[in-house]
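As a starting point, one isolated chain is supplied in structure tokens, in the form predicted alone.
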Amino acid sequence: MTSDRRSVTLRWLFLAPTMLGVGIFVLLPIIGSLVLAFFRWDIITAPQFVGLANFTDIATDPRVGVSFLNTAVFVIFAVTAQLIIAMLLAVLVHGRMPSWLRIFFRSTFFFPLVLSAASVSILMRYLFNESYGVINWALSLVGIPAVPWLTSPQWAMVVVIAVYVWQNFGFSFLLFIGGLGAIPTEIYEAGAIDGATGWKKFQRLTLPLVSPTVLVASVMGIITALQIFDQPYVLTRGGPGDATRTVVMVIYESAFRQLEFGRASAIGLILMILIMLVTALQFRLSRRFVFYQ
């Protein structure tokens, strides 16, 4: 009996640092943000309870609505492109090739993910510069006029999406590599006997069998994309106008520029609820297309 108590005590001692860290740095900020959403606070003066006033202001602020719309557009195109590119490259790399070449491609595609989003965005800002960027210089060699990548409302979001996808598709790529590696070879051999080759093989065998990995990659991709901040902030500062301003950028501006922490917390609460609803919807819909072996 004494040894059991010691074992339990030892477990709690090992868990205590992690639980303490999660409580202080995760749970308390979340609870504080939820409470602060119903107050008006500028750090200088004492918090003032305003009830639902922050949410009313958000509902009538067109700039917040534009930021949610921009975020939705970004998520749809960025996550779709990320999954398609990652899946395509994973299928190609998983095919027949020397092991050293497969390791090279895995490392190369994953490498951008270990770089900071800010440093990548600074580099891309120079590459896409209208006047002296390498991209426009390369286009000029084939007679294409300079494109205002970062100053045009039509192109700015395209650049933000492209930079984000380039840096983040490596994670989905590795997930798909793992999913493809878990498919038994006997299934492909049986499919080959039935005449499944090329696109038919991918559509009827590979995609259904890797569908659980697609679900995981899409859920994680959407959750991450809904919180996009670094790329649009560094590349365009949310411009031109509000063309690339996202929800998290509005949260940042409300809190640290306008000192409206209650309003920022209210927007954050809405974003958190949105993420939870989208994730729940994904798992609900997954019952129709996810195949578990």
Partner chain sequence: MTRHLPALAKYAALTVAAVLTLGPVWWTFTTSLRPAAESFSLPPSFFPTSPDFSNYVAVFEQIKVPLLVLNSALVTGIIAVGQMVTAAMAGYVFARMSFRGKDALFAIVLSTMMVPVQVTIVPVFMIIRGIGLSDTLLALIVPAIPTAFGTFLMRQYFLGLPLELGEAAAIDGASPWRTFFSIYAPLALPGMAIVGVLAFNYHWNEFFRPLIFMISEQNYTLPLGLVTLQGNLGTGSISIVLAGVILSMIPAVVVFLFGQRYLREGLTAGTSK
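Numbering follows the first chain given and starts at 1. Quick caveat: nothing in here was measured; it's all calculated off a predicted structure. Here the rigid core means the biggest group of C-alpha atoms that line up within 1.5 Å when the two forms are laid on top of each other.
Absent from the display: the form predicted together with the partner chain. The rest refers to it.
Peer 1: With the partner removed from view, which of 100-108, 69-77, 154-162, 200-208 is the stretch that lies within 4.5 Å of the partner chain in the predicted bound form, judged by heavy atom distances?
Peer 2: Partner-contacting stretch among the options: 100-108.
Peer 1: May I ask whether A118, Y126 and T213 all come within 4.5 angstroms of the partner chain in the predicted bound form, judged by heavy atoms?
Peer 2: All three within 4.5 Å in the predicted bound form.
Peer 1: If you check in the predicted bound form, is D242 within 4.5 Å of the partner chain, heavy atoms only?
Peer 2: No.
Peer 1: Do I144 and the partner chain share at least one heavy atom pair within 4.5 Å in the predicted bound form?
Peer 2: Output for I144 is no: heavy atoms all beyond 4.5 Å of the partner chain.
Peer 1: Indicate whether the partner chain has at least one heavy atom within 4.5 Å of a heavy atom of F49 in the predicted bound form.
Peer 2: Judged by the heavy-atom cut-off of 4.5 Å, F49 is well away from the partner chain in the predicted bound form.
Peer 1: Looking in the predicted bound form, any heavy atom of R6 within 4.5 Å of the partner chain?
Peer 2: Yes, contact at 4.5 Å.
Peer 1: Would you give me the residues of 61-95 that have any heavy atom within 4.5 Å of the partner chain in the predicted bound form, in order from first to last?
Peer 2: Those in contact are L89, L92, V93, G95.
Peer 1: So with the core overlaid, does the Cα of M276 end up 2 Å or more away between the shown form and the other one?
Peer 2: M276: C-alpha displaced by less than 2 Å between the shown form and the other one.
Peer 1: Take the rigid core as the frame of reference and indicate whether the C-alpha of L15 shifts by 2 Å or more between the shown form and the other one.
Peer 2: Yes, shifts by 2 Å or more.
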